[in-house]
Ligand SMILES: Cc1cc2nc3c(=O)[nH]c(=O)nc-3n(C[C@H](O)[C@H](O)[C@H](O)COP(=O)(O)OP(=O)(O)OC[C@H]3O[C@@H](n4cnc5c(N)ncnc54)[C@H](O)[C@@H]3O)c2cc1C
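Next up: a single chain in structure tokens, the form predicted alone.
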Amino acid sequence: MNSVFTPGNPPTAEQIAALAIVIGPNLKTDEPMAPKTSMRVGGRAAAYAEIRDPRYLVAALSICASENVAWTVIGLGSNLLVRDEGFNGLIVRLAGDFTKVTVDGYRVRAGGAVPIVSLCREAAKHGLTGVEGLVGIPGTVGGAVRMNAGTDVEVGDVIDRVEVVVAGEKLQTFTRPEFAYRRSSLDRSAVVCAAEMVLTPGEPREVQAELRKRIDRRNATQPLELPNSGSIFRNPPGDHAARLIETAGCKGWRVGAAEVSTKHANFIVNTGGASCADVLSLIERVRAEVREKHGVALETEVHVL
């Protein structure tokens, strides 16, 4: 998820018509969102559009800002839960120009909608090292930048600058955010259109071998065979959420068809037919148990609309 959400009012019929003029036939109303999230749960969006060009993004967000229409931008839906009652605003998914990766020497430019795994593979193909540690992140460049996603390396470690569209403004702006653990200083209404990274040259075969090793490790340790939304909780300082959840005895817990994965305790999986309410209830049960057993208040990493 691009992790930007601006509250506001549901769009009126007139506002939908105005959005349709600038977005075109890609604008849909009453759109089911469960198929667009990796957890496969949730309700409908009042309006939904895939936007392929920064100009149309600027125009759509200008309408939302001036008319006080609620809006958000999503990526692959991999770090996102949509409530069962849906989202009463505009949901935008970036496509087209936002999915391109270009390499110029040691500099890599990736659109905000580029999957992290695609970025890692493109860098490895060019013998560039520095991002292969990110390959286990199941999201896009835009979302990863906003939340400074990472494993043993964080996105902020390699970012040189980002291109953003700020709702209500005319042009893209360029900045280098400040980064902290799972946070960036980007304005809440700034959408990441692209990020530029400066990487380190390496031997292509060695970089690709390291990338394959990390992908194999991810596949062996994460429950990718079932719908999930990635890590549910952030790691608290000096510890791991998965360890706390497992030692609290929560592995295998279920609410409805939502289950704490028996493969990785910081994942909740949809075993078939789960609702968003099931997932949220299970999150709160786990959080309460970890607080009782370990005295640690876990903070969610997944975003909820």
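These numbers come from a predicted model, not from an experiment. Residue positions are given as counts along the sequence shown, with the first one as 1.
Only in words, not in the display: the form predicted together with this ligand, which the text now covers.
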- Query: Taking heavy atoms and a 4.5 Å cut-off, does S38 contact this ligand in the model of the complex?
  - Reply: yes
- Query: Do T151 and this ligand share at least one heavy atom pair within 4.5 Å in the model of the complex?
  - Reply: yes
- Quick one: does R218 come within 4.5 Å of this ligand in the model of the complex, counting heavy atoms only? yes
- State yes or no: in the model of the complex, is some non-hydrogen atom of G202 no more than 4.5 angstroms from a non-hydrogen atom of this ligand? no
- Interface residue in the model of the complex among S118, T129, N235, S78, criterion: non-hydrogen atom within 4.5 angstroms of this ligand: S78
- Candidate from R182, R109, R83, R214 lying within 4.5 Å of this ligand in the model of the complex - any heavy atom: R182
- Listed range touching this ligand, judged in the model of the complex by heavy atoms within 4.5 Å, from 141-149, 119-127, 99-107, 171-179: 141-149
- Task: Counting only non-hydrogen atoms and a 4.5 Å cut-off, give the residues of 178-199 close to this ligand in the model of the complex.
- Result: R182, A190, V191, V192
